[in-house]
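A lone chain, given as structure tokens: the form predicted on its own.
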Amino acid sequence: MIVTKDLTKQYGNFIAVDKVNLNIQPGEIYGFLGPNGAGKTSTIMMLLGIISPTSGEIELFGERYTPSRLDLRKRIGVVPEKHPVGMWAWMTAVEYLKFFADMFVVENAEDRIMNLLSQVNLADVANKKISEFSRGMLQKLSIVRALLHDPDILFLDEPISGLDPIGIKQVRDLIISENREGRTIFVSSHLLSEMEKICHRVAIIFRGKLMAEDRMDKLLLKLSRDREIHIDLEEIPEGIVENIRKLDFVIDVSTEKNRLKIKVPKEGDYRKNLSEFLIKRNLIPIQLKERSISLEEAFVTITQDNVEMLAGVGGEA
């Protein structure tokens, strides 16, 4: 659906995006992550045709894409970080959405508008002026507008910014629902816990370079330095921590109430070894599970100190 080849954007002597190669498949929820100033916004602006690359190529739907390809741009829906107020403030939500429905020649527009508004809990304020909407309501309205013309690709820039927990769940459910219908979704957000819940694959960009791109589970495993196994016991007997620490594959051991937290190398599966060790001492694990590194933890590893390591994870950058 989206392919970039050595995509580059340079502003004077500053390289904002440096030979980025993306390959986003149909039906994916693809997360695009990066700290402020990483080149995320410039990449998205090029993908939307708002700015032109300094060099490199973009393909959408298997065709060469340039800002002049309006036929391809019509197949894109966009939810920007800034929400619709400005010149639209005097309109009601329905008037605003009908305006865009007319532009895109949406069939059965009224039914589609009300259906989408219902999904984000805005049906009751359909006839309310946009100027009276809260930031969260504007964000939901922006998502509805982006979906009106049934785009093949939906770009979301901070889609849950300003939403309360209920609103976040409504938008999350809508994103998942739209994806199940076959829509490809490209999403950028700083709320990494939400990205972890919905994305199939994620890419991390840092200082203009694509540092890592993979399926969520594989990426987190690659970026973890070790694995942590949690074992719950009825009680932790005296001396057991010291004995576990002596095992040749154990990096460290700590406790939390009746839970053992055991760090082991990320290569290999040591759950069986630990179970056998405990059972031989008449200690029966009530629960044994492996704690995975979170996306937030993976994200914060992108610092100046480990650029070289991450470049190896992500392949060529």
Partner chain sequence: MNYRLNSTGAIAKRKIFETFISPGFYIALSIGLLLGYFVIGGFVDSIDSSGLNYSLNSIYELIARSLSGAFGETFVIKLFAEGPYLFALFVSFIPFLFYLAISSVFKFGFEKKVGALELITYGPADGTSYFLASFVKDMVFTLIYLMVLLVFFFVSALINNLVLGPMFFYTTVMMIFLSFAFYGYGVVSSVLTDTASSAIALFLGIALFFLIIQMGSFTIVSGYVRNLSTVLAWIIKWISPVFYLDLGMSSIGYGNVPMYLLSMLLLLVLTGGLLLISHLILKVRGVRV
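Residue numbers count along the first chain shown, from 1. Keep in mind that this is a model prediction, so the values were computed, not measured.
What comes next is about the form predicted together with the partner chain, which does not appear here.
- Here is the short version: of Val78, Met195, Val120, Ile231, the single residue with a heavy atom within 4.5 Å of the partner chain in the predicted complex is Val78.
- The contact with the partner chain in the predicted complex, taken as any heavy atom within 4.5 Å, belongs to Arg145 out of Lys209, Arg227, Arg145, Arg183.
- The closest heavy atom approach of Lys74 to the partner chain in the predicted complex falls within 4.5 Å.
- Leu48 belongs to the set of residues with a heavy atom inside 4.5 Å of the partner chain in the predicted complex.
- A residue is said to contact a partner when one of its heavy atoms sits within 4.5 Å of a partner heavy atom; Thr41 meets this definition for the partner chain in the predicted complex.
- For Met91, a non-hydrogen atom is located within 4.5 Å of the partner chain in the predicted complex, even though that partner is not displayed.
- Checking 238 to 246, 165 to 173, 104 to 112, 120 to 128 against the partner chain in the predicted complex, the stretch whose residues place heavy atoms within 4.5 Å of it is 104 to 112.
- Along 256 to 278, not one residue places a heavy atom within 4.5 Å of the partner chain in the predicted complex.
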